[in-house]
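The chain below stands alone and is given in structure tokens; this is the form predicted alone.
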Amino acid sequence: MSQKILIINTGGTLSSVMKGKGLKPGLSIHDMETELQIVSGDTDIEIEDFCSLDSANIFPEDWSALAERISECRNDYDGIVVIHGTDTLAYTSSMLSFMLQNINIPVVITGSQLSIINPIADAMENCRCAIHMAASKIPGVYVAFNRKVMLGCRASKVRSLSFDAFESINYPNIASISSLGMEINKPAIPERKGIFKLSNTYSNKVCMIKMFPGIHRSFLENIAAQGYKGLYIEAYGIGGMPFLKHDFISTLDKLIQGGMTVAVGTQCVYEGSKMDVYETGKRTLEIGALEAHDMSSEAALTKLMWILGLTESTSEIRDYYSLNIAGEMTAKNYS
């Protein structure tokens, strides 16, 4: 019996057409049905449009609604593919990893660097990979791109033009496609740690900033004044921030004492933070900042948004952030 796969279209480059001001999503899922049937093999696909947006226009409320739609139909299909623009795809795949943790089917997000109507596009190969991963019976949230499958909360867009646009950050690929077919890396698949329960609340009062030489502490005060409840900082190296000329860390201390949750990671793509090595990192940990360890920036930010949608308890926020919930970090597991 063939696997039954639902394909949900949200827009992005894969479904784009040329309009007066440039490429924009314009193809409905039904416009792409012939191509999708070609790459679906012996799977039985159904298709639907969720929205038709450039992924720059995807917002947290869209994540929540998409998670709800996936939750509603998860028992009617063997797997689900989500077509999505590449620019914010990794944010969506990270947040869905938290909102849909312990999902009982494969949910695979994909997109492309060229429209599916372009004869040299990567779109059909990416859809082929996504459909076959969705038919794998391996539950979880994944990203399929350039003949490889990545854990959804580890994927990040690292190239702006190349077909090899995404990489798995600090974690092995889940699967790859070669002349041998699709090879699954079974040890890399996170273990399901409980039953599925939709958890699609979030806080939109979360901000992300990147450290740069000359950044002033008044920037932090402005963030607090605007009512933000959470802040993720891409710090230097393994987690460094200034505490001399412009005492950034002391200002962070005031924000944390005032109730803001501050998480700190690194602007380096690979290998993560290690804030217990240098004085600057130790100072930051001492004031109560949370450490992102080896999470991608997309996962570190969306995890903070998701946690602040669950609870306002400082101790609970700290506990949630320190635990490996969906495979997003190399730390203690959440169960």
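Only a predicted model underlies this, so the values are computations on that prediction, with no experimental measurement involved. Start at 1 with the first residue shown and count on from there.
Here the subject shifts to the form predicted together with aspartic acid (ASP), a form of this protein not shown in this document.
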(request) May I ask you to check whether T13 falls inside a 4.5 Å heavy atom distance of aspartic acid (ASP) in the predicted bound form? (result) yes
(request) Determine whether any heavy atom of N146 comes within 4.5 Å of a heavy atom of aspartic acid (ASP) in the predicted bound form, and answer yes or no. (result) no
(message) Taking aspartic acid (ASP) as it sits in the predicted bound form, is T280 in contact with it (heavy atom to heavy atom, 4.5 Å or less)?
(response) no
(request) Please run the contact check for D54 against aspartic acid (ASP) in the predicted bound form: heavy atoms, 4.5 angstroms, yes or no? (result) yes
(request) Identify which of G230, P190, G240, G85 has a heavy atom within 4.5 Å of aspartic acid (ASP) in the predicted bound form; exactly one of them does. (result) G85
(request) Name the residue from Q113, S156, T261, S136 that puts a heavy atom within 4.5 Å of aspartic acid (ASP) in the predicted bound form. (result) Q113
(request) Name the stretch: of 200-208, 105-113, 148-156, 261-269, exactly one has residues whose heavy atoms fall within 4.5 Å of aspartic acid (ASP) in the predicted bound form. (result) 105-113
